[in-house]
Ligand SMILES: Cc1cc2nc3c(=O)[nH]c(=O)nc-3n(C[C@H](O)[C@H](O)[C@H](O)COP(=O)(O)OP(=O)(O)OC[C@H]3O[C@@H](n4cnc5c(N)ncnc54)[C@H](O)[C@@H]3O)c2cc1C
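Given as structure tokens, the chain that follows is alone and in the form predicted on its own.
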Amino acid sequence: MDLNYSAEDEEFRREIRSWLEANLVGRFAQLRGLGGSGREHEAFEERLEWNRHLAAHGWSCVGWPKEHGGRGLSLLQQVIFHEEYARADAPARVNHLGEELLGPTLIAFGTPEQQARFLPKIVAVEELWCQGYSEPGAGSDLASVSTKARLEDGQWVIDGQKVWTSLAHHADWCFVIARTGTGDRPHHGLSYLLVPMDQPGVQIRPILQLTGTSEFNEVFFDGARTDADLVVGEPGAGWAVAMGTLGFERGVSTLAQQIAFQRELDAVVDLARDNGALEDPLIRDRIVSAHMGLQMLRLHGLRTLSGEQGIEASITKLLWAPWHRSLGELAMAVAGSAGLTVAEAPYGLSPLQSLFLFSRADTLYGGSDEIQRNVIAERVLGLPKEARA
């Protein structure tokens, strides 16, 4: 990927920077820095309004083709958009799962009818989505899902349970991996279904996290229904569609994530300077290592953007997840004994305490480190598959 910015790219950077400066004012100014991993509860309705304001001015789904309602930005311009959005400390968007995952999946694999039905409402932020992948017995091992669906009277009838479903309590729809047939291999017979959440057959139970928040959920399907034509790809061939979605999940927007990481690292450095921890040579060494690691993450992300997000996606996950988890550990080392007490009762965590607690899950969600290593070992290095009980 050519990392040299053209005059057109720099003009685009000025455009988005100026627009954010002019619009993150008034009631929207109070939303700066709100939301994100472990903090999705913050001003959700207000952030939804902000997302719709973005959409009304053409700033949603910027990487989508113009014929599907996007701006058709180049990869480098998408990088610029996400970086400037993060640098402006704009609030975390609530439409990520629809805009970054389901939308591109429908563009790649969906029928024209599915695209016409769902894409405009994602662009306008009129329908929110969640992801029905993980199950209690099939977390990172997606091929082992046991949720089942059968055709009955022109509809899919779905029974099973999903877990760690982000923002299910706010979602209108869920893209669900369910077993609709059998095959010679575990990933055969899976289908990728689009399921409405507001129906009697769907029950949502929020999961209380270490951070005291509940952005993850359990979702129970008990005779839930969706129309027969709301299967993406062919019935029983949903594995390739699901893998496509995971590739989109680790695309351009992860570079904005690294801007947020930089802001967190800066907060750790500021605390170390204020409380004297910076005088400790071991702490200084860890801060320097964190800084170098973050620069490497960005360069790696840029280098791999123009390639297929297959194995590269697994490598990227293996790089950023341990880095971010170690940043949480560094934050607590810098905080010292103050990191063990809350600022206010009953459980008022500081941002760095929330960083530490939530980042413990980084190496688990989105595909655990063990699964990512297996993918690389088996598909790239040709090593024998891991023995299974």
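Only a predicted model underlies this, so the values are computations on that prediction, with no experimental measurement involved. A residue's number is simply how far along the shown sequence it sits, counting from 1.
Omitted from view is the form predicted together with the named molecule, to which the following refers.
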Among 26-34, 39-47, 326-334, 356-364, which stretch has residues whose heavy atoms lie within 4.5 Å of the named molecule in the predicted complex? 356-364
Position in contact with the named molecule when the complex is considered in the predicted complex, options Y85, W239, F216, F220, heavy atoms within 4.5 Å: F216
Contact with the named molecule in the predicted complex, heavy atom within 4.5 Å, among F118, W164, F261, F248 goes to W164
State yes or no: in the predicted complex, is some non-hydrogen atom of E15 no more than 4.5 angstroms from a non-hydrogen atom of the named molecule? no
Since only the chain is shown here, I'm wondering whether Q131 would be in contact with the named molecule in the predicted complex (any heavy atom pair within 4.5 Å). yes
Contact label in the predicted complex: E386 to the named molecule, heavy atom within 4.5 Å: yes
Please tell me whether any heavy atom belonging to E10 falls inside 4.5 Å of a heavy atom of the named molecule, as the geometry stands in the predicted complex. no
